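Just the one chain here, laid out as structure tokens, in the form predicted on its own.
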């Protein structure tokens, strides 16, 4: 459940937290697009280090690392399946080539880049400001409310799932014993209380919304209005520059495999 720690907002006074949510989301989308564009390991390795300065400035390093640790199992699965399927597609080579391993690592690193960028976004963006940014972007308020509510409830449900798991383990439930099917069955006592708790929370939220006359007025007003500052414009122009450079490199610059570069350096 530690991967969901990357979806919890951490209230810290930092320049990254003070950035406009729309600009930060645009920056994350640029990294997402660039990561999908490339299949080589070298550009994905560069993209991996791009969000690290934001993590250090925002002082959310511990939560960011925990989110990466939580996604490590899925990253291993991605590497395993890419390696196996490409191994079969290449007609069972006797010795796996370096390019096959490099491609599998690149696909795994692409997933890690997506996880770390969205983790930085959610760690430094308040759900209230995120909903306000969506409203000012002329997104219907019903969708804004549904999205921000989901962002708020995912970490809450993750914490509750961890609490249920600890309670069931204290009663003698062994989640990590047996074969694959046995382990899946062991999680049934976890899922049923979690689903019941989620339904109970949704009913409480619906009653709270009705008691506060949610949706009674069509034109809503907000206490705050988001305005772009100099830092926001700088990040936006930097994101556009990164996207243009990535498109030019992807279109006109052949990127050699990392194994070829290392062999050339050894010579």
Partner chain sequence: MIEVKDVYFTYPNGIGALKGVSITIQNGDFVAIMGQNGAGKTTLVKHFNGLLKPTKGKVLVDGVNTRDISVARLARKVGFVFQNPDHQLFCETVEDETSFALKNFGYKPNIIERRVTWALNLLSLTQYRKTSPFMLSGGERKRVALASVLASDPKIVILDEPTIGQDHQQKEKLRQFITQLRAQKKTVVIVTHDVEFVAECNPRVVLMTEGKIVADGRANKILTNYNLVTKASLVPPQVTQIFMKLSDLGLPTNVIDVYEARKVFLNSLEGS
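Residue numbers count along the first chain shown, from 1. Not measured: the values here are computed from a predicted model.
One more form of this protein, predicted together with its partner chain, exists but is not displayed; see below.
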Which of 139, 196, 184, 73 has a heavy atom within 4.5 Å of its partner chain in the predicted complex?
196
Assess the spot marked by 62, 160 and 163: is its partner chain within 4.5 Å of a heavy atom from every one of these residues in the predicted complex?
yes
Based on heavy atom distances of at most 4.5 Å to its partner chain in the predicted complex, which listed stretch, 166-174, 116-124, 75-83, 99-107, is the contact stretch?
166-174
Is residue 200 near its partner chain? Define near as a heavy atom within 4.5 Å, in the predicted complex.
yes
How about residue 88: is it within 4.5 Å of its partner chain in the predicted complex, going by heavy atoms?
no
